[in-house]
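Shown next as structure tokens: one chain only, the form predicted alone.
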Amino acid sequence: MDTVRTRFAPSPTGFMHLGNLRSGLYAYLQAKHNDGVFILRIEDTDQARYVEGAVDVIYRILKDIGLDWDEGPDIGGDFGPYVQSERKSMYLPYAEELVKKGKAYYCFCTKEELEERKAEAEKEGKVWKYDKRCASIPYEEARRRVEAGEPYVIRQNVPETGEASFDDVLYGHIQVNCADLEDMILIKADGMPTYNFANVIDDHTMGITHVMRGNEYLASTPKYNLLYEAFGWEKPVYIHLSQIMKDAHRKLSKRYGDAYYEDFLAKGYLKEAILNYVALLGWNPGDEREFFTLPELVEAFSIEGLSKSPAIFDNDKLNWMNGEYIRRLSPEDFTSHARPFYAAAGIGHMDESILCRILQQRLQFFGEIPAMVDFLTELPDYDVELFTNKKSKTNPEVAREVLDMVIPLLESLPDWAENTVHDALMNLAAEKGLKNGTLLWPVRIALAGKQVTPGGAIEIALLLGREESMKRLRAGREKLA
């Protein structure tokens, strides 16, 4: 068996869409599972969409999640250059070879002429496609016009009859009538190849054996196969991947912050959880496992597990999975991830060990921290009815009695250490014959002003410190007056 060679070929637009990330991941897994070669190629033929620094974004994200490439722009290889704009000189000779074979032709139609003919077709209610006007120009005449400096593009000469077809691993045999295909541009007026032409040339000359890409390219692949046939080249194995959808009708979108990998990092999702979840969007390992490291994905991956059904991006499922990853972190790693969010919440100065203890088991993603601990920076305006709790057998009257006992006790403590505060409150409850909850509920409400908080009364008091805790307890007592 020939060595499996796959490629990930993103465009440098400044972002990494989750759909692109999944294509890159599957290409990596297919190569590594088969002891093959994974190639990174930068497809920058569309210079209008090029974003400065975007290539570095691609490098950073792939390295961040561990998709190390065997050949690419920064490390080289035997089939470079690996940036399309740096390969510009190689595309025109291939296109001219097709022209000589009658499989392509020089087109001299101006933009204005094309727009005029398109408008005429639309006026007559016809669907416009290029009308092959320049295909009839004799080769020698076309060459004279090219050499005279007349602007031109090179178009594929699609047969007017017959069928174009290809076989896809997921979608099976697909064929279209050639009469429905347009003569796509191969070389643009600026000499750059179109994406459609460059990716065919690059895949062949780089020895790509398996092409894995989104199913939006299903409609274009028959034209790509005509190019392979025109050159007499062996075709790669095609694997067109299903789309990732927000729901049955909507794609992921930047507007909702659910389209790009770095959007999720910024919200405090763990890269390992994102990668794990994305791997399962359209692929099934064939068993009940849901949690995979990257090496485990390499071991388990097979293209037989891929699905052609659209993959629904379930944010609740990602939240659950990310929460499970958070709970597996060591306290040190949890704190390292949490610190930027502590700073954003204004609690960066508070005891990190306590914060870890009260938050790690509750979080689904780190971005939840600011809203979860907002009461630590500012006591909310709350209603005295919060002091009522049937389970703890408290109400405003009981709360008044509890705070009247707690405030002088805590004021008299020699220090504000956890064991000191804890023992003082527990001993008081025992001495007065109160259930722990009956004593601690009013204290926590006075300290936090919220019915639900991460952490209990003692932990909140320690985070706030003696001065702020006593201030809030007295204010709570005044509310109950």
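Note that the coordinates shown come from a computational prediction; the quantities given were computed from them, not determined experimentally. For every residue, the number given is its place in the sequence shown, counted from 1.
In what follows, reference is made to the form predicted in complex with a small molecule, a form of this protein that is not presented.
Visitor: Could you work out which of Y94, F334, Y261, Y195 is the residue within 4.5 angstroms of the small molecule in the predicted complex, going by heavy atoms?
Guide: For this set of options, the contacting one is Y195.
Visitor: To verify the annotation, which of these, W320, Y139, W128, Y217, has a non-hydrogen atom within 4.5 Å of the small molecule in the predicted complex?
Guide: Only one option qualifies, and that one is Y217.
Visitor: So if I measure heavy atom distances to the small molecule in the predicted complex, which of the stretches 184-192, 343-351, 209-217, 156-164 falls within 4.5 Å?
Guide: The contacting stretch is 209-217.
Visitor: With a cut-off of 4.5 Å between heavy atoms, is M16 one of the residues that contacts the small molecule in the predicted complex?
Guide: No, M16 sits far enough from the small molecule in the predicted complex that none of its heavy atoms falls within 4.5 Å.
Visitor: If you check in the predicted complex, is S11 within 4.5 Å of the small molecule, heavy atoms only?
Guide: Yes - in the predicted complex, heavy atoms of S11 and the small molecule come within 4.5 Å of each other.
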